[in-house]
Ligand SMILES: Nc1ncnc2c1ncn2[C@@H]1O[C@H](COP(=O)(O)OP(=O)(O)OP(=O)(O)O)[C@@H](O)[C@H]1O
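Shown next as structure tokens: one chain only, the form predicted on its own.
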Amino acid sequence: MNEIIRMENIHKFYENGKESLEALKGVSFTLNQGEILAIMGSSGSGKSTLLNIIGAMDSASGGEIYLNGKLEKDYGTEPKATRIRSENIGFIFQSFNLIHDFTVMENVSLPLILSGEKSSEIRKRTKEMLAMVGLSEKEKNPVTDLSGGQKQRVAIARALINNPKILLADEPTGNLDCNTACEIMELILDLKEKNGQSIILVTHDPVIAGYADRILFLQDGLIYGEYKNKAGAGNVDEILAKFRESQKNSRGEMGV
């Protein structure tokens, strides 16, 4: 497999007055071409911090990041961070992050508008993407008229409109009911097969993590376990057992 991104010994410190909090304590992993990697962990484990660093929305305090096999210095520092995001990364968020005053089509086409594409190309590609997520008939609707599942489909279409190599999904089904959540994950998998994206999925839900090829268990800023998910979606009991084992190992190392 071709390596898309590699994180080596990533640390992140936050300063709070005279105190320093170490949110990540030397995290290392690799994401390969076409792979879905899930990151699970309890609240405060460092999941969001790690995702922000991968997405070049924040900089690491230490460590090295390789993108497409090349060491990228100043990965999360402007102006390089903007270039990395625009050329390589799409984002899906739990809260959708749509612009309420915009229609469905306007929300999806926004990345193309910001990148300066021609109007004809914007319209063509936006219509194609809306068809792929099953929202062609909703293109003129305000996003406020949509259901939660439809809003997330708009967010997915917007994230993929520039055909990024990496898709980062932060609790993408957290605001959805079980049936809709599974529909959204099936859609993400289908689009991945068509477009070849590599996906990093942050979730607390073992059902959603079951869609991943590999699962990393993050606790207290460290990776305490990895699970290769050969059985595919629905392998919940084994995933939960592995996650609980990682939490037990974490408490043991802290002397709890």
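None of these values were measured; they are calculated from a predicted model. Position 1 is the first residue in the sequence shown; the rest follow in order.
Not on display, but discussed next: the form predicted together with the ligand.
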item	value
In the predicted bound form, segment of 42 to 50, 188 to 196, 29 to 37, 60 to 68 with a heavy atom within 4.5 Å of the ligand	42 to 50
Touches the ligand in the predicted bound form: A241 (any heavy atom, 4.5 Å)	no
Contact of A23 with the ligand in the predicted bound form (heavy atom, 4.5 Å)	yes
Contact test in the predicted bound form: R214 vs the ligand, heavy atoms, 4.5 Å	no
In the predicted bound form, residues of 198 to 216 near the ligand [heavy atom within 4.5 Å]	H204
